[in-house]
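Just one chain is shown here, as structure tokens, and it is the form predicted on its own.
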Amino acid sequence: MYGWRGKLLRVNLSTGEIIVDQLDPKIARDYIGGRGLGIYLMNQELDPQCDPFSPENMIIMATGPLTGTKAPTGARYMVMTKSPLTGAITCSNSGGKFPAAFKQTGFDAVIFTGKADKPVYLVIENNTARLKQAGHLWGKTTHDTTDALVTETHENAKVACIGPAGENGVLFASIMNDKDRAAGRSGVGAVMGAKNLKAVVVIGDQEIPIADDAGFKAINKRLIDAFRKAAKENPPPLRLHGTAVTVMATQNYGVLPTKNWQQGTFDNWEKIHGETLTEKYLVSNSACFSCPIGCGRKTKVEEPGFEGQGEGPEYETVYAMGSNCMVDNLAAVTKANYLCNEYGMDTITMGATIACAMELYDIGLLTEKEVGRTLEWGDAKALVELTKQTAFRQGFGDLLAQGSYRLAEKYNRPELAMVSKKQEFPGYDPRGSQGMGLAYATSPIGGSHMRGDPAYFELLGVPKVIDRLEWKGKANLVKIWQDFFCVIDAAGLCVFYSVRNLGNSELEMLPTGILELINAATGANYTLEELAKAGERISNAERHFLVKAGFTRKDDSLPPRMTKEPLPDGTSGGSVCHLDEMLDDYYALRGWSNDGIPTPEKLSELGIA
């Protein structure tokens, strides 16, 4: 095979057995790879009703056919399992250097089943794999674990691992690779911890075979030359100030979540803005494998009490731990971000859960005695202290470790958790971005913008400006963009580059540039219609799993704050999200029943058993 490696690595942690399996070329073509391959395997081999923490659950780490090639941003891999936070699937995506090195070992994916008796880690080195004992690593941070494993194995090794949060079953624990890159959402790290799997180490240097090497290089050169020319004339904001530059846009549109989503603007937004991060704490940019953008932020903080260095924070962290908690101390937000990276936790859920706790405290349902301290809005020290407690499930952190929905539910106010399918929202208020509300509600993993991101066309004007407050017609665009993102994730590419450079520059986005790259790499000779259909197939395969797990229309929901309480401030003031009106249109366009279930005809059309 070209592009694909044609091999799957199966690891039974209960028995220690490791088997090399062949990747069916038809499955590769139909599901592309990455996210698509992951959901295919889950539908074939995993009981959707299983306990996420049971040995029966599986973890799939899957690359795409463009991962590890010189395709621009061909640096992504996907972690898929049944989520302990939501009970739904996960599609936890990460970049950095680890995914390319993984692909270069000779495998497309590794599939973990069972549970090890004692902590172990897996080493994959050029077509071979072995399990090793990891008891000496248990309890170590992700940074210390990475350093130890590079010393133990090979100087060129790349590591993906969990920290104390994953070991302690924090429901939103992440898997960290290259120290600070995160497969961050839905608790993939907690499932890894439940399996006593501390880390995966990859040592790979094999060239990935390309079907049309000359053609592939020519396409890459054309794309990169065009990008560099445009970047020279207008330097990309993501390169200049990272994703935290988004704070200005969401503040201006009145959709910057503030005070646990009670407001859409934050008076002190400039103190947590990306330009402020650049000015005060930036050490250097960083870039993933084969990335021309370089949006990563290597930072250092020296303020007393918040000292540290690492990577970040990203926009989502800045919203969740900053404006959402009314914290305008960027040093504290950055320190809490460092802790999440080192302990292995999702910064979105961490920040949003603390914000929910602050509201419960504000209205008198949480007491100082229960929290172990005061918990006023804007308390920077509380943000950092509670982040530490959560990773180790100490004190009040034991409750925070369950996420905002379970926290709010304990105090009989589940509506104060800003979630869909029990997963916390990213930082765009759907009352001022109607398509975003539909995307949150219908995302297969719960609240997420990375499974199809209407912020591009509603807030950023990519590919063109559209009325963000109009809900009519949004169902069709959300469906199209969700399917497009499926192709991006399955191919092994980054959304940031792909949306602006590998689509057809129309609102009805099609993967035209990805088609060129993937056909040159694999020789699969997709038509544009076939590649777009593969994205639709992945979307429906994910929904098929959710239905079998017991999800229906009632789970495609937003809290009443989004649908019944108008935004009180900003340029989106007075708006609510018209979710129910959009859902009917969305289901019809998808070929699903009015309860959100794919019809037999739709599944048959897409070849989903």
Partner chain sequence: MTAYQPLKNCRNWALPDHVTIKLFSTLRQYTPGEKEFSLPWHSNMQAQEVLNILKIPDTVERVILVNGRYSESDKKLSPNDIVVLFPPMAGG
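Positions refer to the first chain, counted from 1. None of these values were measured; they are calculated from a predicted model.
One more form of this protein should be noted, the form predicted in complex with the partner chain, which is absent from this view; the next part is about it.
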Item to check | Stretch in contact, per heavy atom within 4.5 angstroms of the partner chain in the predicted complex, of 90 to 98, 510 to 518, 360 to 368, 232 to 240 | outcome: 232 to 240
Checklist entry - Contact between residue 536 and the partner chain in the predicted complex at 4.5 Å, heavy atoms? => result no
Next on the checklist: Please determine whether residue 465 contacts the partner chain in the predicted complex, using a 4.5 Å cut-off between heavy atoms.
Outcome noted: yes
Item to check | is_contact(residue 180, the partner chain) in the predicted complex, heavy atom dist at most 4.5 Å | outcome: no
Checklist entry - Any chance residue 571 has a heavy atom within 4.5 Å of the partner chain in the predicted complex? => result yes
Item to check | Single option in 523, 135, 461, 305 placed near the partner chain in the predicted complex, where near means a heavy atom within 4.5 Å | outcome: 461
Checklist outcome for this item: Interface check vs the partner chain in the predicted complex: of 210, 301, 123, 248, the one with a heavy atom inside 4.5 Å is 248
Checklist outcome for this item: In sequence order, the residues of 251 to 270 that place a heavy atom within 4.5 Å of the partner chain in the predicted complex are 252, 253, 269, 270
